[in-house]
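One chain comes next, on its own, written as structure tokens: the form predicted on its own.
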């Protein structure tokens, strides 16, 4: 590569792509613009322009992934329907449509169901991808039943089943509070540096599941650096870019604290 790993670059993503070697990335975690008009960076003249931009960066990310690489893309459920179709046309392998239940307070919709979720698409470039399912087990729902089952087990299909001490296998519905609710002060949400940061613990789950220590994690819309921070905490390498120089400065300061 023409760039240093474990470094965040202040760059447009397409200029950044030119510097990254093809088939060098183990895991790409992409939180791109949604076209929700959150700022100039998230505003496109038409849906067609937005999708053209989206498909263009997807093409580049696919080139950077190793043959056993994994790709996670955040977006709205509506946009994700188009993205999913495009990725399947590009012959990536669909693994999961993950629903992030944001626990983000009350919605205000009066003519439809209130929005309270985002979509995370999980695709892989091949069938030999990394997936550390034991690392991302989650607590069982019925703690009393599991407590009983730990001692005597539960009879299933003629066999005695005992719960795993690490919890159940991780499903497709993820319950993580949004960052704006995690950082409340005296019950009030605070203005954040970035409008749409993703929860650190959610990004850590993705990295634990789809990479090993020493692997290279990639993010071309890194914002205030959540992916880089999570990667460093979990002993992975990372590379990423962000066009906003203030976000890059913030990310570098956050990385120094680890």
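Model, not experiment: these values are computed from the prediction. Numbering follows the first chain given and starts at 1.
Here the subject shifts to the form predicted in complex with a small molecule, a form of this protein not shown in this document.
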* Exactly one stretch in 229 to 237, 210 to 218, 59 to 67, 197 to 205 has heavy atoms within 4.5 Å of the small molecule in the model of the complex; which is it? -> 197 to 205
* So in the model of the complex, does any heavy atom of residue 35 sit within 4.5 Å of the small molecule? -> no
* Asked: Taking heavy atoms only, is residue 13 within 4.5 angstroms of the small molecule in the model of the complex?
  -> yes
* is_contact(residue 249, the small molecule) in the model of the complex, heavy atom dist at most 4.5 Å -> no
* in the model of the complex, residue 31 touching the small molecule (heavy atom, 4.5 Å) -> yes
